[in-house]
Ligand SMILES: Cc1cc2nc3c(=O)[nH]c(=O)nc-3n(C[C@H](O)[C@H](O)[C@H](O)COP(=O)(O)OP(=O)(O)OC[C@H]3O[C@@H](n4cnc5c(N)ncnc54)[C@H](O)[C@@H]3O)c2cc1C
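Below you'll find only one chain, the form predicted on its own, shown as structure tokens.
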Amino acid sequence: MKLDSYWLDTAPPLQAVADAPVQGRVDVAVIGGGFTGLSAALALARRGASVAVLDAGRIGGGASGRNGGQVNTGVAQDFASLVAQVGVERARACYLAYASAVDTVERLIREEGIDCDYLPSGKLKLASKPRHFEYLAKTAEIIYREVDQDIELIGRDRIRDEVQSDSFHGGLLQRHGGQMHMGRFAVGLANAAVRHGATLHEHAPVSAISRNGGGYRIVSERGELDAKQVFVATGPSRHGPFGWYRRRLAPVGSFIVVTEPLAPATLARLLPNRRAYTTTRLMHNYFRITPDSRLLFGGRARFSASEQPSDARSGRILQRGLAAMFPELATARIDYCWGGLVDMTVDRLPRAGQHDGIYFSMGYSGHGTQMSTHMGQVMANVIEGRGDANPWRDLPWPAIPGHTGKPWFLPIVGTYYRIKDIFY
């Protein structure tokens, strides 16, 4: 079993990374080489701007290369709850922003010819308890009435046509969305950005950003760079002068296992429609079939950071969950196990805009694959002066009380979620 991301391990090599030191002057310096930063670099370079992307590690090696591989519409939290929280108009705008994000991913794949095994099969949210299905039915009614009619409520009498498991009591199908190979998409996006003129630097953690005349000086371990504008796209970065952002994000670990290749007939019986799946528990699971016929199975597992040997312990928890959901896979070999950090905001809505003159976009809260790609494109518009393009521009973002960057409260939250899952 490899304690490594399946997406990163099976991605083609990236040939477009600069070997030269970080130096010179550019129009925009992008801090972070995940989907947000790469998408922004691509959009800006397409318009003739000079762009340098600096990543503390491997391009696409953070959350962008360590997630569940789902590209779905729908907000991070339950839509009915969001309506109650922010009102119908704001909730509708949030939902439509995520629908637009799916469109952005699909558009970039087409325009740049990115080979990433994209499959537009939609998402099925599975009710883990009878009362969960009752709530899904109410949510589906509101979604259908207010924002999206391309959905379907699937009752318990039909749910086994979708998932051959006794674990579920129905589900809500949202058809707009799909899944892809995250590593291949990251490489394709990076190559496209370079093809249009951007420069990418790996293993270049930023240690300082300071004002320099009419722009900024960026100091990294691989050199220094001057830029007219800076765009921070790092998520819950542990590196560099980003304490203001760290105090507003809770980096929650999410963990994934991937099985050995399984018989196509087995997968066709268990999951005949090859959708992206997620369950309704607070300590929820998500799963899908990979392009080479493996089952990817993920979830919170444990409220801890992602690091060895924590990933292995979380992997054993996920393996037990997989066996409970699909007993015939109880003996399937696990080939990959890894973890990653989800940059959670308190309300689970993204944040984007400017702080002290520096642009930023982050806080995708577990729904970042599509939104990060979309917000890279959006923030390119914002940097060029179109502030109204940002759907999250007027959301307040106070610091999390008592949070200085290290999430000491995660074990408490995890215990609360486990207890609530028993009674909810």
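So that there is no doubt, residue numbering starts at 1 and follows the sequence shown. Quantities reported herein were computed from a predicted structural model and do not represent experimental measurements.
What follows is about the form predicted together with the ligand, which we do not show.
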Give a yes or no for P205: in the predicted bound form, does one of its heavy atoms lie within 4.5 Å of a heavy atom belonging to the ligand? yes
Is R58 one of the residues lying within 4.5 Å of the ligand in the predicted bound form, judged by heavy atom distances? yes
Decide whether G366 counts as a contact residue for the ligand in the predicted bound form under a heavy atom distance cut-off of 4.5 Å. yes
May I ask you to check whether L153 falls inside a 4.5 Å heavy atom distance of the ligand in the predicted bound form? no
Work out which of I143, A352, L82, V342 lies within 4.5 Å of the ligand in the predicted bound form, going by heavy atoms. V342
The ligand isn't shown here, but in the predicted bound form which of F326, Y286, F133, Y245 has a heavy atom within 4.5 Å of it? Y286
Judged by heavy atoms and a 4.5 Å cut-off, are G235, G240 and S372 together in contact with the ligand in the predicted bound form? yes
If contact means a heavy atom within 4.5 Å, which one of 377 to 385, 40 to 48, 26 to 34, 393 to 401 is the stretch that engages the ligand in the predicted bound form? 26 to 34
